[in-house]
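The chain below stands alone and is given as structure tokens, in the form predicted alone.
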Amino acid sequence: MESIFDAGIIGAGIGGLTAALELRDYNIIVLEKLHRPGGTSFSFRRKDYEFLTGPLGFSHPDLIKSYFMDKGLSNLRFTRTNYQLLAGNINLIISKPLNLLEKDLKSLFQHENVEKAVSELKEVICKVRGIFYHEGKYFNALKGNWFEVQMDGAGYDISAAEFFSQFIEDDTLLSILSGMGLKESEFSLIASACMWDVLAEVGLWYPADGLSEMVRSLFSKVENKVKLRHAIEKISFEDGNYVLSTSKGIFKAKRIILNADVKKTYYLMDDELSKTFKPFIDKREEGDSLLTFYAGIDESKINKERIRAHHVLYYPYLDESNDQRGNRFFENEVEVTFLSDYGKFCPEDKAAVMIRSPLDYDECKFDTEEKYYKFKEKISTELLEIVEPLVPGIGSAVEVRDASTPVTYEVWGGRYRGSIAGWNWDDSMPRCLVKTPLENFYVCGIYSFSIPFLGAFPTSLYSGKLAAGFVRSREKI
């Protein structure tokens, strides 16, 4: 007799593994296209260096730790990570708690009403922390019990820039408060409040034993349910069940939990399913794509004098010492991360570094592999060169190098057009997208909420738990 699973989980990322853990007493199967679990929450090695493929930290560590303890998983320990904003005469640790950051901003922008702006931001954070919208009601994900809250008439249905412009005139300060950088922000007010909460108030943290160990701990509990190297090739529906055609066989399930890119999955559905699913992705835009350069370097050959945090948001065009106007990244925000400052990513006296900057997906499309790899090498070198004034000596100190383009994120990360952060964060409120227009078809992971209101990792974990709850009960939350 043909086996029909209670649930089929597509993707063994954090959301999918959490959903599987919640449903491990059921007849379920997890189908993962890669050779290992974890999705983008993993790492890879090049010689003696280790680099991260996804999150460089996460927020709400207490939420994650309590969940792991409750499930008998690894005992987690965390180190807080910091972000530095370096733009001309602006040199800030922007991940400080807001009461401390307020003092630094006031010293830089003495004629601006910083106190009022930060006070109002704190009020919004307190109001919306852990809150999301679902089926006409608001719920708090951080409380022990679900409860309804009143948000109507709060005046929060505006962009962050609109909100802060009530108190702030300086465009630079407006950008910092709206989007935590100097890029023009498209964040909604509530998205900005959620991100400030994640970055500064609750903080960003990294597990002492690494993200890979967290993935392995989750995976160990559900390993017998997971089939690796099973890429989904087609999704159809017949006789009341979903049919998942993979590279290694066909599987049927009564319900589906999707922990994969929703747009790429849409193109795998048959005509009837895709027609019903289409409203779920309509009018939703994926986030930006990036180039990431990985470098293993001899730390004795570099000058880190200007580096004050684990992560630096650097603006070359505002740096008087940077004269590389012909460099394609000159006008960009460039993020430089010294992974080796908060973990065992390399041998002693060495440094594992990641450099990231926006790069459009379409720039990376070529008709031959040879052209693509030449382009990849060229832009990787340009990205390394643009940070030379920030970290003198880094170019000659590189011992190991690699890079991920938007095409890499699409092929290996499964992200549509190389998007790395889910949806654009311009929705007025974090909306629960776990339920889809398809009956008994749920989403978890980075696409399960319109804004990752708890930060990417905890939102993914929470959504996996939520999706599993829908599968079990088929009732409203």
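Source: prediction; values computed, not measured. Numbers follow the displayed sequence, beginning with 1.
Same protein, other form: the form predicted together with a small molecule, not shown, and the subject of what follows.
Shown here without its partner, the chain carries G38, P55 and Y409, all of which come within 4.5 Å of the small molecule in the predicted bound form through at least one heavy atom. Site annotation in the predicted bound form: the residue of L318, A231, A208, L100 reaching within 4.5 Å of the small molecule with a heavy atom is A231. Mapping the unseen interface onto this chain, I28 falls outside it, with no heavy atom inside 4.5 Å of the small molecule in the predicted bound form. For L34, a non-hydrogen atom is located within 4.5 Å of the small molecule in the predicted bound form, even though that partner is not displayed.
At a distance threshold of 4.5 angstroms between non-hydrogen atoms, K376 is out of contact with the small molecule in the predicted bound form. In the predicted bound form, at least one heavy atom of A260 sits within 4.5 Å of the small molecule. The stretch from 426 to 434, 43 to 51, 65 to 73, 412 to 420 that comes within 4.5 Å of the small molecule in the predicted bound form, counting heavy atoms only, is 412 to 420.
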